[in-house]
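In structure tokens, the next block holds one chain alone, the form predicted on its own.
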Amino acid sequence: MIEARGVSKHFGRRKVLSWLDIRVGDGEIVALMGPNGAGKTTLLRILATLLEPSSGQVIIGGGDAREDPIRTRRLVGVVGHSTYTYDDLTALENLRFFWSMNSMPRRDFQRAGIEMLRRVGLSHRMNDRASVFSRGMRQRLAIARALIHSPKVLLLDEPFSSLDQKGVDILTQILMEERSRGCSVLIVTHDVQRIAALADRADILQGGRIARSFDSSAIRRGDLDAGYRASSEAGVA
């Protein structure tokens, strides 16, 4: 479960988030949408404990993220703008490094690491250094890195970017599987069509808080597409 209660964030005099409330339940996929600069990435960084909120409370997996950030980080998998992978390490070595950072049992890694690379379609390149990977392959490796410790929460910032159609299909399947096992998923995206088949809800961020929400039935009817375009024309998104 992901929950932000009254979260605000200021950078000097600039207010990015203002008393924002958002909740993502267990086994739920929520799309977070809005214009560039709306604060979507800032919110994700706060939820991942990579950035301190100016005020408010963040609950991850039932616990206060600010009170126990180490526990929170072990519950969360993040795919950001950067892949957070290391060029001089092989694909398998990259996963081993993040596995150890999460204090997972060393004896269990080899099987888990190979299985995760198979899951993202990179098992045949497990011993190749990340430096020779294309941008799309690095993105797949980043997805594997985010999942290697079986997180209960996934925070994804434009995760479909740089992926070819095979990569998109792989990620879509993974997200459906993660939802079925009860993972809470928050995806920042501008891609209405791609998220429409996945999201249980879509929230539009405006003025530092959630301005509009569309449930799954509204998304399927096309209300999200129409509402998002209308907001864009009005300068909202």
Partner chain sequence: MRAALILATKDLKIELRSKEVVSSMFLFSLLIVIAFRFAFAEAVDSGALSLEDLAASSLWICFSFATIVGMHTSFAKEKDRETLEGLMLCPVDRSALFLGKALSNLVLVFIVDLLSILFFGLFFAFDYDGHAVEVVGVALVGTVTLVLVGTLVAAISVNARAREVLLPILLIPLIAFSVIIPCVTATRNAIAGELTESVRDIVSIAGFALIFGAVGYLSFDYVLEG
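Numbering follows the first chain given and starts at 1. The model shown is predicted, which means the values in this text are computed figures rather than measured ones.
This next part talks about the form predicted together with the partner chain, which is not shown.
Contact test in the model of the complex: Met176 vs the partner chain, heavy atoms, 4.5 Å
No, Met176 sits far enough from the partner chain in the model of the complex that none of its heavy atoms falls within 4.5 Å.
Is Asp108 one of the residues lying within 4.5 Å of the partner chain in the model of the complex, judged by heavy atom distances?
No.
Can you tell me whether Ser150 touches the partner chain? I mean in the model of the complex, with a 4.5 angstroms heavy atom cut-off.
Ser150: no contact with the partner chain in the model of the complex.
Does Glu93 make contact with the partner chain in the model of the complex, using a 4.5 Å heavy atom cut-off?
Judged by the heavy-atom cut-off of 4.5 Å, Glu93 is in contact with the partner chain in the model of the complex.
State the residue from Asn102, Ser161, Ser123, Ser131 whose non-hydrogen atoms include one within 4.5 Å of the partner chain in the model of the complex.
Spelling it out, the residue with a heavy atom inside the cut-off is Asn102.
Site test, Arg23, Lys40 and Ser55 vs the partner chain in the model of the complex, non-hydrogen atom cutoff 4.5 Å:
No, because Arg23, Lys40 and Ser55 lack any heavy atom that approaches the partner chain to within 4.5 Å in the model of the complex.
Work out which of the listed stretches, 65-73, 168-176, 32-40, 192-200, brings a heavy atom within 4.5 angstroms of the partner chain in the model of the complex.
After filtering at 4.5 Å, what remains is 65-73.
In the model of the complex, residues of 79-103 near the partner chain [heavy atom within 4.5 Å]
Heavy-atom contacts within 4.5 Å come from Ser82, Tyr84, Thr85, Tyr86, Asp88, Leu89, Thr90, Glu93, Phe97, Phe98, Ser100, Met101, Asn102, Ser103.
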